[in-house]
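One chain comes next, on its own, written as structure tokens: the form predicted alone.
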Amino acid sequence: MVTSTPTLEPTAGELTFEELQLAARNRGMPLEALRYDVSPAGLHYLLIHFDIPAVDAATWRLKVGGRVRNPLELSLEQVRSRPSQTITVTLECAGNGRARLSPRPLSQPWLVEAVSTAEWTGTKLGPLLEEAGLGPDAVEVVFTGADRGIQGGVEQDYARSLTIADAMRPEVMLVHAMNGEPLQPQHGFPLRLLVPGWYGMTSVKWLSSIEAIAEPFQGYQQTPAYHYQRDADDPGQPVTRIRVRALMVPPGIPDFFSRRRFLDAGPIQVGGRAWSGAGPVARVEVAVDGHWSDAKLGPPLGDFAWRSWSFDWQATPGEHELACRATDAAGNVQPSEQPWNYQGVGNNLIQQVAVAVR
């Protein structure tokens, strides 16, 4: 039994050893990889909450139980044999941008690179739940992964829940393949949940069980984790859908250490991607030294995937600052000043890139 855990109060100081340790285990997507419609598996951002579990596909079983009439136990081959579909989905970590907050909440110190897009293959969750026969008193479905650890003083398997209504949405899937290949160990082999439009913490990896329950789930990763809080005592609001965001491929070439950008004067096309979990992206704007203009949007890749954009710029010699911001069809716009929250989640501050034009 774990009786205590370090207090993780936000800090304005330098990165801690523990943050560097997390940063060495997890990785963001290099921003130049925004050029790809679909992120190669080796460039897809990665967040491993506890450890990558050792899973034997031959003996692995998915258990479906709880408040159901017909409990199920499925092998990987039985899951793969169910009706299948492939969808293109953008995933973003809820903590993306956390390291840019001040004071800085102590956790994985993301800048802006914790986002990627992949083609995911699997089977719809809804028909499986219908086959199991949800009981009339079922209100939520809990998804439990095989990764185990300690957080908040609690020893736990990583687990999250969805309401029945959200779990039955037609886009929610159990996926066993990524970009046409079986899931890699770090991406949730042999099976993971995929909840398009929601931040990545919802798409539980290394899925081992699905349980229908008659009351709201109170597990640590559901409550108190992943909430918008003003302070440690604020119960906050749960994190769900991805907030609207645009990112650009930093133009030119970088300085090795500072990553400052250098490019030659003349015409240049700036480009990137934009996405939102609240609906399609309706507009992307680019600012050069604070003056905003509309960018050109590329064709959509799917209902839950990012969208390309481009902007033609006549680069003149000197120091410049480029920025981009997106607006979705629901009218949500990226902020120019990021509202602070205690856990450092849901950050979608506009991106700014300093460039030196020669």
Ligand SMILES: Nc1nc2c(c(=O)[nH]1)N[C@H]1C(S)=C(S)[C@@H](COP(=O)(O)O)O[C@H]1N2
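All values reported here derive from a predicted model rather than from experimental measurement. Don't overthink the numbering: it's just position in the shown sequence, from 1.
Quick note: we don't show the form predicted in complex with the ligand, though the next part is all about it.
By the 4.5 Å heavy atom rule, the three marked residues C93, Y158 and G200 all count as contacting the ligand in the predicted bound form.
Distance criterion of 4.5 Å from any heavy atom to the ligand in the predicted bound form singles out Q186 from the list S75, Q186, T88, S209. Of the residues H49, R67, H320, K63, just one reaches the ligand in the predicted bound form with a heavy atom at 4.5 Å or closer; this is H49. In plain terms, the part of the chain that comes close to the ligand in the predicted bound form, with a heavy atom within 4.5 Å, is 144 to 152 out of 212 to 220, 144 to 152, 277 to 285, 234 to 242. The shortest heavy atom separation between V204 and the ligand in the predicted bound form is within 4.5 Å.
In the predicted bound form, the ligand stays beyond 4.5 Å of every heavy atom belonging to H176.
Taking non-hydrogen atoms only, H44 approaches the ligand to within 4.5 angstroms in the predicted bound form.
Contacts to the ligand in the predicted bound form (heavy atom within 4.5 Å) from stretch 320 to 343: none.
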